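One chain comes next, on its own, written out as structure tokens in the form predicted alone.
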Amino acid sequence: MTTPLTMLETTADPHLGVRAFADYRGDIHERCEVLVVGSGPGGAVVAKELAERGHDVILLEEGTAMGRREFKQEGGAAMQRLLRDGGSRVSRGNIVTPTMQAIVLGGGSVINSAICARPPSWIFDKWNLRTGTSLTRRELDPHFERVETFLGVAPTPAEVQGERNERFRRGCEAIGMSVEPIWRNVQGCKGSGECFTGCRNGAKKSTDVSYVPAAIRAGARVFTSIRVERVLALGRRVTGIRGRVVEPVTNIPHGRVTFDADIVVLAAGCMATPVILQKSELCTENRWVGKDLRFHPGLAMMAMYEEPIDPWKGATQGYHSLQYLEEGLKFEVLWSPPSVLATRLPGVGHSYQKHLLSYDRLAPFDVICAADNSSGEVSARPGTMSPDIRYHLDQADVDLMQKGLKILSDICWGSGAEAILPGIHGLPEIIQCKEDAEVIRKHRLEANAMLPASNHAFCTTRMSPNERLGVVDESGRCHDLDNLYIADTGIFAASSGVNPMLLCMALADRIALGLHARL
């Protein structure tokens, strides 16, 4: 079994050996055995596992490497540097849904809250019903264990929870709800609440400081600032990729690149991977490429307390409740930079200013929904590699989210709140007592009254043993091509129920070991 990371490994420059924009002169042409596109939770795992088993691996990333010194605590500056479209990416449909997708070495693992949750076994029963996949939780458990061991995943300790997280715990316990510390891939967390803008303490074991360095030590070559634009193919076999060198942050294209490979693994994310396939005119007969996009739409509610609680102190997300998970609801603590969180406050002018002045007394709690009745699609925009994202939130899921809001309000009151800010159009901006909060349950809530966000996205290249029901088989191989694999959240057959990173990594581990056995 792989041993956990040591502190010696994490104190050295984790990006040593990563090739960057400044290293390139003109066009690039390289060859390898296995080419992995995307360095996030899926691609980095595949690159490490195959490199450690003696394969010649190249890992490509469109973003750049960002270290602790480059991380900016201010939300706007961080989003410009770390996120697609500067953090302004949204889906269109019957509701506008912000969705933050990373563009940085390490992908989403750099900006997420390091939550590592194994989905319950019944999630895979749902997958079987939707696409016929035979995967089980028992089959994936060894892969979960391998990832967790390598990253040192453990429950968030009490000493870094902070008052904001403790209030959530108390609120859940007060109303008889289960609550537990969140398991996270961190070592030495200081509870600074800076997960979203990049961990300046170096505690979060995102893939750029864990799996990528391990892949390099095993001989993998890592190229950043490389945008893949086409997968090249002859008949049923892919031969490599073609793309461009792109300038960090601005994404201005420069030299042309060609990478030849015996095997290509797309792990560019469930938004980018289908766009690459569409631009490459591959899998054109498969009706599921870019289709069946699934989100975990989430809503936040602010609990306001009589006394300051210094909510910026403590782990970004330290506790959650899984009591209603089988119904499709997961409850969490939330935190983000002040400039981002302030956009969730109601009012204009002096009323908005008043809420800002209460900032030290506010705690955001949120509910995410499995949204099993809702779906969308991703398609390539002409002349660009950016996706056109469409999503329809079904009324049944709106009703479920409304139930979640009422439970959230109960958690707030149970935590000792003196008021809550529901953040829903048509409801009072501020509710002063629990009795008045009944309006949350009684009000007829529709999709356009909410502004949910979702950074959990999946299913656009979904898995099925049947080529008529999915894009890849259970090994991750595309049905239409003999040597093209996908290893990102796009291969999920349905919602993961919980935060998707750990599941993505376990699937990638399984895909990598299976691919090694076949090579």
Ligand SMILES: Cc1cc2nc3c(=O)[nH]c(=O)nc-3n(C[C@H](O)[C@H](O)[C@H](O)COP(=O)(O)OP(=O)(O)OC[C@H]3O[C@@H](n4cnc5c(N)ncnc54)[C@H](O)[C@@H]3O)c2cc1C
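Values in this document were obtained by computation on a predicted structure and should not be read as measured data. From 1 onward, residues are counted along the sequence shown.
Beyond the structure shown, there is the form predicted together with the named molecule, which is absent from this document and is the topic of what follows.
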Checklist line | Contact label in the model of the complex: residue 108 to the named molecule, heavy atom within 4.5 Å | finding: yes
Next item on the list: May I ask you to state whether residue 431 is within 4.5 Å of the named molecule in the model of the complex, using heavy atom distances?
Entry: no
Next item on the list: May I ask you to check whether residue 268 falls inside a 4.5 Å heavy atom distance of the named molecule in the model of the complex?
Entry: yes
Check: Could you tell me if residue 500 has a non-hydrogen atom within 4.5 Å of the named molecule in the model of the complex?
Finding: yes
Next item on the list: Work out which of 112, 97, 409, 210 lies within 4.5 Å of the named molecule in the model of the complex, going by heavy atoms.
Entry: 112
Notebook entry, point to check: Of 222, 104, 151, 261, which residue is found within 4.5 angstroms of the named molecule in the model of the complex when only non-hydrogen atoms are counted?
Noted result: 104
Notebook entry, point to check: Would 65, 206 and 216 all count as contacting the named molecule in the model of the complex, using a 4.5 Å heavy atom cut-off?
Noted result: no
Checklist line | Per-stretch contact check against the named molecule in the model of the complex, the hit in 395 to 403, 371 to 379, 270 to 278, 435 to 443 (non-hydrogen atom, 4.5 angstroms) | finding: 270 to 278
Next item on the list: For the stretch 462 to 492, return the residues whose heavy atoms include at least one within 4.5 Å of the named molecule in the model of the complex, in the order they occur.
Entry: 488, 489
